[in-house]
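Coming up is one lone chain in structure tokens, specifically the form predicted on its own.
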Amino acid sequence: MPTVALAQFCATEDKEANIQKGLRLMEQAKENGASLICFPEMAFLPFFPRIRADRSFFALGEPIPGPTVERFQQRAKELELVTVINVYERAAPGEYYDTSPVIDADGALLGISRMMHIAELPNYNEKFYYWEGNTGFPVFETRCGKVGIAICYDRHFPEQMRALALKGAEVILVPTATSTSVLEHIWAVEMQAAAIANQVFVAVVNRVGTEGEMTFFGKSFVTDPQGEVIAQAGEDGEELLIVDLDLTLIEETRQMLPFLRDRRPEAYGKIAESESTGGAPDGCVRSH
């Protein structure tokens, strides 16, 4: 039974101080029995996409492997703790991604997952800073189970959650930086629905604190494969949420609710092919 630690985190302008805090939280997680720790989106940087089109922030990008990832690899190896962080990746000159490296308990970098869907919303000016991810939907075989990643905006796309489940994910980790009040209304409900539809655990870890006009509302949580929120953090401060996951519940739930068995992918082609959000695929009737 893996024990997951969600590091609900408040970042400052001081990157080194943020990293040091993250390394200390890894130690605390291990002391509390965790076998995996996950950090929020851009955990060790200020959330710079709130500022529109400022080229100076590209200087924050770094390669993977790179200095930040290597420090967390070393600590993961020392603590034997599966570690998922999120960094601003500079992959090539002028090519940047919002990326989650996945580090196994022996310190090995298992791979990366880049954010696939890029938002352009008030305070989320991400299309200027991030390229669209090109890693697809990898699932990582870690020492404590099969883990998939859906970074922040990715969670709103059921196709990604389903793809991760079909690839064998037992736990889908969602590192996020969420402050928008309208999303707070669907904060847990949306992920509960995804967990039920795919019969997996979903663990969402958010930032806290105020940056400019943005206030990140925390409320990091875990929902089980039957859609029950089994643990949730508060909204006002930093918190290390420690949660035991009973992976046998996945098998039990899929026996009761065999949604994955009863899929009809041969009938879904037109849905995937439809290029217009306003057009109804063949065989669909639009009501007026």
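Position 1 is the first residue in the sequence shown; the rest follow in order. Only a predicted model underlies this, so the values are computations on that prediction, with no experimental measurement involved.
Omitted here: the form predicted in complex with a further copy of the same chain. The next part is about that form.
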Among 86-94, 179-187, 201-209, 105-113, the stretch whose residues bring a heavy atom within 4.5 Å of a further copy of the same chain in the model of the complex is 179-187
Closest heavy atom of residue 157 to a further copy of the same chain in the model of the complex, within 4.5 Å or not?
yes
Given that the partner is absent here, does residue 273 sit within 4.5 Å of a further copy of the same chain in the model of the complex, heavy atoms only?
yes
Report yes if any heavy atom of residue 132 sits within 4.5 Å of a heavy atom of a further copy of the same chain in the model of the complex; otherwise report no. yes
Quiz prompt | Distance check, residue 77 to a further copy of the same chain in the model of the complex, heavy atom within 4.5 Å | solution = no
Answer key: of 257, 230, 247, 242, within 4.5 Å of a further copy of the same chain in the model of the complex (heavy atoms) is 257
With the partner omitted here, the residue among 197, 144, 139, 214 that in the model of the complex has a heavy atom within 4.5 Å of a further copy of the same chain is 197
Taking a further copy of the same chain in the model of the complex and a 4.5 Å non-hydrogen atom cutoff, the residues of 153-170 making contact are 153, 156, 157, 158, 159, 162, 163, 165, 166, 167, 168
